Ligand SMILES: Cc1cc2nc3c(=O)[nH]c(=O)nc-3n(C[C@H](O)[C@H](O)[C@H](O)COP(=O)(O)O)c2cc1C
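A single chain, nothing else alongside it, follows as structure tokens in the form predicted alone.
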């Protein structure tokens, strides 16, 4: 099954793949963006380290098929890695139960921001179902579609212990570097404070499912 969305197709079309290859289109792009090009030339090309070849010679292959991954893969990883292990991309309560049974330390409910499969269920809809399946105490992280303070509160109310942000922060960095990042964080902080007040709270640690409409939470057990 092909799971490319439009964003990934644009990356492939424009040649911005991993490992990165330079051709005529990239040279033209560098020439029309001199500030970025000079900064990168002086500071070096940013490298996502999980794509780099490891000391053991293992290499991350972005285009590798996911079809070979199964429950045995998780068991082998858990047996080999004795540290904390978090599994991201979980959208099924049944899968969450199996993952917990393998001794995983936490689960991150996520559809990867919708960039993998356009028709995937919204992660926020899967969150309360997974929370109910795992019980109140098991650690749950959440991401996907978090754009502001009210999104953070909504995720906490629906069962998340931690809420992760990615795209808004990258937008801020892309727009204005460190200054843009700080500005985005300030905006989210202000929105969070306002949203807390509007639901009658002044401490994020007091967010519970009680702030969600009763019709929505009547089937929630935690």
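Positions refer to the first chain, counted from 1. Keep in mind it's a predicted model, so treat the numbers as computed, not measured.
The form predicted in complex with this ligand exists for this protein as well; it is not shown, and the discussion that follows is about that form.
request  = Report whether the minimum heavy atom distance between residue 78 and this ligand in the predicted bound form is within 4.5 Å.
outcome  = Residue 78 lies outside the contact set for this ligand.
query = With a 4.5 Å heavy atom cut-off, would you call residue 197 a contact of this ligand in the predicted bound form?
reply = Residue-level check for residue 197: no, no contact with this ligand.
query = Counting only non-hydrogen atoms and a 4.5 angstroms cut-off, does residue 151 reach this ligand in the predicted bound form?
reply = Residue 151 lies outside the contact set for this ligand.
query = Within a 4.5 Å heavy atom cut-off, is residue 177 in contact with this ligand in the predicted bound form?
reply = The answer is no: residue 177 has no heavy atom within 4.5 Å of this ligand.
query = Pick from 147, 98, 84, 136: which has a non-hydrogen atom within 4.5 Å of this ligand in the predicted bound form?
reply = Contact residue from the list: 147.
key: this ligand in the predicted bound form: contacting segment from 184-192, 160-168, 38-46, 25-33, heavy atom within 4.5 Å   = Going through the listed ranges, the match is 160-168.
query = Taking heavy atoms and a 4.5 Å limit, what residues of 82-103 are near this ligand in the predicted bound form?
reply = Heavy-atom contacts to this ligand in the predicted bound form: only 88.
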